[in-house]
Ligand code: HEC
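To begin, one chain is listed below as structure tokens, in the form predicted alone.
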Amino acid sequence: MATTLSDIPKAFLKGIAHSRIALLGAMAVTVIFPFLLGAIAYDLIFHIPNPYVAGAVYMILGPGFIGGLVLIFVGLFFARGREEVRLFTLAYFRDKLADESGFDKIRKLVFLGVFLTCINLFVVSVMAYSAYHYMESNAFCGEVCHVPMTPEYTAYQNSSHSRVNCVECHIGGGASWFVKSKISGARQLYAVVADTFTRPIETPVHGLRPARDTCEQCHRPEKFLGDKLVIKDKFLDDEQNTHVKTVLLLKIGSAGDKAADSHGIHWHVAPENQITYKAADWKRTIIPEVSQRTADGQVIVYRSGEADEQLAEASHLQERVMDCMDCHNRPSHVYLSADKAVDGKLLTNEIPRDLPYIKKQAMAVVTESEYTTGEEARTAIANGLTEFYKQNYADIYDNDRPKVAQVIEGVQAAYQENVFPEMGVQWDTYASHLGHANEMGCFRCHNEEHEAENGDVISMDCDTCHTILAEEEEDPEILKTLLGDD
């Protein structure tokens, strides 16, 4: 048995050398340690901007370092290396601690062991902390799994919630949701590696946290008081691309509080008017039955004429208390229709509106064919618009080529921000339930087909939620009045 302090490191080195497992772990730790320590220090001070580099650090180097330490331990104490470190027995330490001279030597050994252990624990702790924040970052959520998440990340960056971190809504506070998200993330990571993820990605309406834990941390329906003037811009497909406007007085209302009763659109989520519905499909688009619990405890049930049949044949029957997400079902991942996407680019002049028939031609090149790749779409858009102006407006094409190029770029952007052929995302793939532009949304319930036993129906009256002050008018008189223009 080794009796001197110098025998201890020798025993360790021999143990590692005699165990292939420990030797492999030692090589991994020796190679990885300086790179890992340097990368973590750089990330803490300056931040690593590239999500793939950060991913390599925290998802490859980090686990590799920990795995190397585990291999050293296993190799030394459970494999062939244990023959060389057999001096680390209880009897050995008892003998050394009983002897005063031996105690001084063993104290140095313990100090060295504790020191090295603390270094490893420090590195692992800092790595775990940095890895946690990296895996909670928007870059990790949207860019690491590049192909499947490109549509969602692009839509998120163009949304009004682009400055709200992904985890604020998808994970939030609390250990249970953190654990659920990581389990779900592991399953999704496997799907990406195995290329078994769905195309397009399903809207996770069933896996989202309750709106009261997410949306209502910033938005409080009971504080949304009064009405809102909404102006919708649209361009016609005539030669002049005529700019028309629809003006609405949107009855936002309130979910009620100490100062106001529930009214308007947000009446739906008022505590005293709890709305519960039964959906007959996974996407919650077929709603055979709606129940309203009033402030006095009365329950009014509205059923469609086909309710019995729809409930009996339901593919995914579910009952749910209505909240924000039933109307605002895509608050951060908004995919515009072709018409709205092109109108938006015309409104910001990313597509110059003074080119004749640009609205009509832009709509034609982005909707007449269902392209299979983004590159195919870019080429077809460029060729289609170039050919049109070359043949029909040769003077514009010859004399104002930069404007034609700007038009092509703007139309391509309108397409690429909303359509992702490789992921199966086309113009109408994801429906928004905010409003009723797609004949769904509000009309799932407000269709005058849901009737209560007393004969009352859920109204389809336009004035229930808004008042139309002008509809697709070139110069609405109401705006002149409101803005004070002559």
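For every residue, the number given is its place in the sequence shown, counted from 1. Quantities reported herein were computed from a predicted structural model and do not represent experimental measurements.
Absent from the display: the form predicted in complex with the named molecule. The rest refers to it.
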| property | result |
| --- | --- |
| Distance check, Glu471 to the named molecule in the predicted bound form, heavy atom within 4.5 Å | yes |
| Contact test in the predicted bound form: Phe77 vs the named molecule, heavy atoms, 4.5 Å | no |
| Partner proximity in the predicted bound form: His268 to the named molecule, non-hydrogen atom cutoff 4.5 Å | yes |
| Contact of Gly62 with the named molecule in the predicted bound form (heavy atom, 4.5 Å) | no |
| In the predicted bound form, segment of 403-411, 214-222, 352-360, 307-315 with a heavy atom within 4.5 Å of the named molecule | 214-222 |
| Residue (of Val457, Ile66, Ala56, Val31) lying close to the named molecule in the predicted bound form, criterion heavy atoms within 4.5 Å | Val457 |
| Contact residue in the predicted bound form, chosen from Cys169, Val244, Ala295, Ala364 - any heavy atom within 4.5 Å of the named molecule | Cys169 |
| Output flag, Tyr134, Lys182 and Ala279 jointly within 4.5 Å of the named molecule in the predicted bound form, heavy atom basis | no |
| Interface residues of 320-344 toward the named molecule, as seen in the predicted bound form [heavy atoms, 4.5 Å] | Met322, Asp323, Cys324, Met325, Cys327, His328, Asn329, Arg330, Pro331, Ser332, His333, Tyr335, Lys340 |
